[in-house]
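Quick heads-up: it's one chain on its own, the form predicted alone, in structure tokens.
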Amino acid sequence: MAACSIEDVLAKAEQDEAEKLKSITVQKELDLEFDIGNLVAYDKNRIDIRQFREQKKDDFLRSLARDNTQLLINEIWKHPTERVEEVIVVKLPEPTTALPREKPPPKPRPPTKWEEFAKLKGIQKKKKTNLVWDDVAKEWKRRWGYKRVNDGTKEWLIEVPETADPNEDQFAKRNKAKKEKVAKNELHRLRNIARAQKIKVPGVGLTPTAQQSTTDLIRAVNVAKVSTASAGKFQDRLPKEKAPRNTGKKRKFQPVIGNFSNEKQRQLDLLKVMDSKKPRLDVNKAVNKQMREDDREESAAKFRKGGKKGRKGGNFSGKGKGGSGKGKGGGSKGRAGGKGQGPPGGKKGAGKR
């Protein structure tokens, strides 16, 4: 271990003390450019290459960083200050330099069904104030939420409707309706979140209850029947089981949101039909009607022809001349009706057909 003299130790201590007590005034040939909003300083002064090579690189860079930091701190304290919880802080201005982000910006929130519908229909949201004057309480109250104006849940008297049961508790009915409304809003909120996350939401099915009614049991049986591979086509019914209701074809409605080109085309076609003087001709319907009329006429003609043949036959007798003299149908009753001459010999059925 090399011996250290007292003079070297004192010199080093004085140097460390001088480093700690450097002046806050720093001289630069060119003033630095500051962006206080981002706490950034730009030093455009030329670096002395000879001094950089003669000194140690770490010491030179440390000294340069210390001087520039001192100038940045001096510039920060030139802005207005204020005291927050016994601490003096500086009000920083808006940043002027656009810095790149570490992570990509967050994606915008996907619109809800109501927002899409309002955008397509051109419905604009009107901004309302949060406070409303309450004439009863003579004070300003919130429009929505807790302690809102015209809060129906705070009424101590409720009028019983004429159609309602007089023994029914209207207060309990009101609280139940409020809870159902809150649950419905929460369900819509969760559905919007699931749709935004592209998660398939299961449908609302049969919920287990302590005591199920007849309607719930019938519904459960119908659901179990249509759950087979044939959708309940080959399932047998009980002797007194009724056919399930509302199992027919459902009406299909056009979507209220999406591409309205088809709806526009249908409306234009409807206006074109209404505006035209002549009725619209359906070729397929006209051809089918003509074919039915032709078949009807053909069947009527066959029926008339068959009726005439029936009159000629049967038990009707015709007059015919036989070889032995006059006789009906050649001397005997023949199948052929009408008048006719039989051949000589008077054979049966010799009349003309």
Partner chain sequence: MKQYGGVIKPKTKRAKRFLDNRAPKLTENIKNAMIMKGGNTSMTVTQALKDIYALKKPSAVLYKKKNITRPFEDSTSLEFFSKKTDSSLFLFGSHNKKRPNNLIFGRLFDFHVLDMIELGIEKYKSLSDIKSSKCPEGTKPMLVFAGDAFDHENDHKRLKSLLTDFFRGPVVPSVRLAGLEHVLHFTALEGKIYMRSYRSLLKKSGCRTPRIELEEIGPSFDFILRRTHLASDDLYKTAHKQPKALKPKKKKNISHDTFGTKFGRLHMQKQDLAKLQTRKMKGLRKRRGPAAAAVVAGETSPKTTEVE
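All values reported here derive from a predicted model rather than from experimental measurement. Residue numbers count along the first chain shown, from 1.
From this point on, the text means the form predicted together with its partner chain, which you will not see here.
Looking at 82-90, 158-166, 217-225, 230-238, the stretch with residues near its partner chain in the predicted complex, meaning non-hydrogen atoms within 4.5 angstroms, turns out to be 82-90. Contact with its partner chain in the predicted complex, defined as a heavy atom within 4.5 Å, holds for exactly one of T129, Q197, N175, N150, namely Q197. In the predicted complex, I24 approaches its partner chain with a heavy atom inside 4.5 Å. The shortest heavy atom separation between F171 and its partner chain in the predicted complex exceeds 4.5 Å. By the criterion of a heavy atom within 4.5 Å, P106 is counted among the residues contacting its partner chain in the predicted complex. At a distance threshold of 4.5 angstroms between non-hydrogen atoms, D31 is out of contact with its partner chain in the predicted complex. Along 23-50, a non-hydrogen atom within 4.5 Å of its partner chain in the predicted complex is carried by S23, I24, G37, N38, L39, V40, A41, Y42, D43, K44, N45, R46, I47, I49, in order along the sequence.
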